[in-house]
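As structure tokens, one chain now follows by itself in the form predicted alone.
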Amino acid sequence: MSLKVYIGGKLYDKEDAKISVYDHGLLYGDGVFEGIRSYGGKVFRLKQHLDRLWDSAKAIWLAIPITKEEMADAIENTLKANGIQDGYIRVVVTRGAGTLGLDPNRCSDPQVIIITDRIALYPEELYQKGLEIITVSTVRNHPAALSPRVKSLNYLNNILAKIEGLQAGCIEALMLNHKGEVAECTGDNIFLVRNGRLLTPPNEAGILEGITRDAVIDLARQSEIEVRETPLTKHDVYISDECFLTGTAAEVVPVVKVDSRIIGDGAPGPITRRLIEGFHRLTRG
């Protein structure tokens, strides 16, 4: 059965799901998106994802042509049409078709696209044994140039960092901000454990405010683990007792080596394991 894709109020077979080549989402990366998960047919933290999508759109002067309620219904209906219980949802809003110039005022009808599919970002063994990452030279976008809190269709900054990591044999890579502080990975937020405390860069470090990041912070606080959102350096990473990454697709994945330095004892640590189990209970019951 061909997967159905939602575009502008209608469902199309995946092979027939098309938008204009003049759409500024394609021509200039002018648009916003969200990656969302569903578990057992229930969409995880849908309200938070839609709030972030609307915030991203507002920040770039993009009017989403449907309401949040209509978007939520469209997501549910697209999941049902594809018979997906445990899946990944990609919601995209483009500026719409326009001229070959930059002017967004010459674009018509912003496009709302919903793709529902299945995703496995990392092999299962990496959740058991942990990931190795490196710090790359590609710096996170300067927040005064383009706010990293806007989840835009222009992901070249992350893609260039990803390429750098892949060329070094790592499937994820750590990015620093313009101050040389730890920001985030190419597609995931980063957490450290040091002396029983959970440490993670604050929003001001130039990070995307991760929905899974927020969920993990909530879980940690419920478990009475102290959480500090604080500026971090590479040194903090190297001397940490534990390290893990969070993201919608990745969920919670341990890191056991950074820049060839072994983190802790080289295996996923107890707080990481506890938070992975807590996240599984939260999402899978």
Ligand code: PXG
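Note that the structure is predicted; figures quoted are calculated from it, not measured. Counting begins at 1, following the sequence as shown.
Just so you know, the form predicted together with this ligand exists too; it's not on screen, but the next bit is about it.
Practice prompt. Among 67-75, 191-199, 96-104, 208-216, mark the stretch whose residues have heavy atoms within 4.5 Å of this ligand in the model of the complex.
Written response: Only one stretch passes the 4.5 Å heavy-atom test: 208-216.
Worksheet item: Heavy atom within 4.5 Å of this ligand in the model of the complex: which of 135, 158, 177, 111?
Response: Among 135, 158, 177, 111, a heavy atom within 4.5 Å of this ligand in the model of the complex occurs only for 158.
Item to complete: Could you check which residue among 59, 26, 225, 249 gets a heavy atom within 4.5 Å of this ligand in the model of the complex?
Response: None of the other options qualify; the answer is 249.
Worksheet item: Though only this chain appears here, would residue 52 touch this ligand in the model of the complex if you measure heavy atom gaps against 4.5 Å?
Response: Result yes; residue 52 sits at the interface with this ligand in the model of the complex.
Worksheet item: Taking 4.5 angstroms as the cut-off for heavy atoms, does residue 90 touch this ligand in the model of the complex?
Response: The answer is yes: residue 90 has a heavy atom within 4.5 Å of this ligand.
Worksheet item: Any chance residue 182 has a heavy atom within 4.5 Å of this ligand in the model of the complex?
Response: Contact with this ligand, no.
Worksheet entry | residue 35: touches this ligand in the model of the complex, heavy atom cutoff 4.5 angstroms | It does: once this ligand is placed as it appears in the model of the complex, residue 35 has a heavy atom within 4.5 Å of it.
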